[in-house]
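The chain that follows stands alone, in the form predicted alone, written as structure tokens.
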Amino acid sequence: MTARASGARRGLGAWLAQRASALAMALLAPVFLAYAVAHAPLGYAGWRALFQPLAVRIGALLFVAALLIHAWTGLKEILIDYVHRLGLRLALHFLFGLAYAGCLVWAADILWGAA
């Protein structure tokens, strides 16, 4: 009985992470698009000005974080289902986790470097 409950909890956590990250992206995308459209036309100077407010940079970083959580959760479940060799699966988890963490740091560097 205990093994079933722990597996169910793991599945529930993945399901909640997937839904929460999708909800965050669904809420942030229209707000950002409305803000971008209101400040059109956006050449280089326009895009640079668009990301000057701290709230926009934080919102963009939250969107990227939600996107990476969403991708990580889906990829993790795919690897669990289709990569049966434990060593290979752990190596792929580590490599993709490292890549996603790098993407988050890179996005933060871009957003704060543009200021």
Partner chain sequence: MRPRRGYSLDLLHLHLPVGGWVSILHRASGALLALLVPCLLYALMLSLRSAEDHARLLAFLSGGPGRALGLVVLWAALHHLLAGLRHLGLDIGWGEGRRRARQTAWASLAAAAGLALAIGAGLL
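Residue numbers count along the first chain shown, from 1. Because the structure is predicted, anything quoted here is derived from the model rather than measured.
Omitted from view is the form predicted together with its partner chain, to which the following refers.
Here is the short version: of Ile80, Val31, Leu62, Leu90, the single residue with a heavy atom within 4.5 Å of its partner chain in the predicted complex is Ile80. Taking the partner from elsewhere, Gly43 is found to have a heavy atom lying within 4.5 Å of its partner chain in the predicted complex. Using a 4.5 angstroms limit between non-hydrogen atoms, Leu67 touches its partner chain in the predicted complex. Interface residue remark: His39 is not counted as part of the site for its partner chain in the predicted complex, having no heavy atom within 4.5 Å. The closest heavy atom approach of Tyr35 to its partner chain in the predicted complex falls outside 4.5 Å. Although its partner chain is not shown here, in the predicted complex the stretch 94-108 places heavy atoms of Phe96, Tyr100, Cys103, Trp106, Ala107 within 4.5 Å of it, in sequence order.
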